[in-house]
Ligand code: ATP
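Listed next as structure tokens is one chain, alone, in the form predicted alone.
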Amino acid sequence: MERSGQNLSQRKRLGLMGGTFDPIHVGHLVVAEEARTRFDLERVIFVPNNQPPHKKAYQVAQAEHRYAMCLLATASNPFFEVSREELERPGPSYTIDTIRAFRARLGSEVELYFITGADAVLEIMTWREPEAILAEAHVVAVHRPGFDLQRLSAAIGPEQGARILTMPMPGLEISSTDLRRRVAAGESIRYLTPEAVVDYIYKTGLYR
């Protein structure tokens, strides 16, 4: 661990990418790699949630399936890891609890970057302890082309909005929702998610 007296640019930086990952796809991987290089992150840790705190409009796949797919998808990148932090914690998976768990483990010398979609950040003030999230980690809002960044300030206030880092998403229109739909309809999902994940989905019968 590096000394706390070092400048921000010299301190270790760690990316946390939370989500349902149902299933993980190449869009997630591209965003993680883009954030890693853009913010000079030592590595990016994918943190699949156990129980999403906000109710989903569909039946979420079992956590162990989603965790396994994350492992398969990230195996070839030495800068990516997958954490069971939220899977081992009972109850809803709250972002602030995850940030504090990593902070307690790593110490104050490491800068934490929480990477999530801009649409999710629009609702950050409804999350548990939003002010603490913004104080204890850098929040990276990943946005699609054409997204109006002024919506962030309007939704969460100019002071909080000024503390959000933004990053345009590389031009990929891929979503977990579409992958689930394609599997249910018998359509191909090859090249939309790593081949190992495709094989896992077909072998386990997920989303059918």
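Computed from a predicted structure; not experimentally measured. All residue numbers refer to positions in the sequence shown, first residue = 1.
Below, we refer to the form predicted together with the ligand, which is not included among the displayed structures.
- Taken together, Gly18, His25 and Thr116 are fully in contact with the ligand in the predicted bound form: each brings a heavy atom within 4.5 Å.
- A single residue from the set Arg163, Arg144, Arg181, Arg151 has any heavy atom within 4.5 angstroms of the ligand in the predicted bound form; that residue is Arg144.
- Here is the short version: of Val110, Ala120, Ala75, Ala132, the single residue with a heavy atom within 4.5 Å of the ligand in the predicted bound form is Ala120.
- Proximity of Ile174 to the ligand in the predicted bound form falls within the 4.5 Å heavy atom cutoff.
- Ala68 falls outside the set of residues with a heavy atom inside 4.5 Å of the ligand in the predicted bound form.
- Proximity of Val31 to the ligand in the predicted bound form falls within the 4.5 Å heavy atom cutoff.
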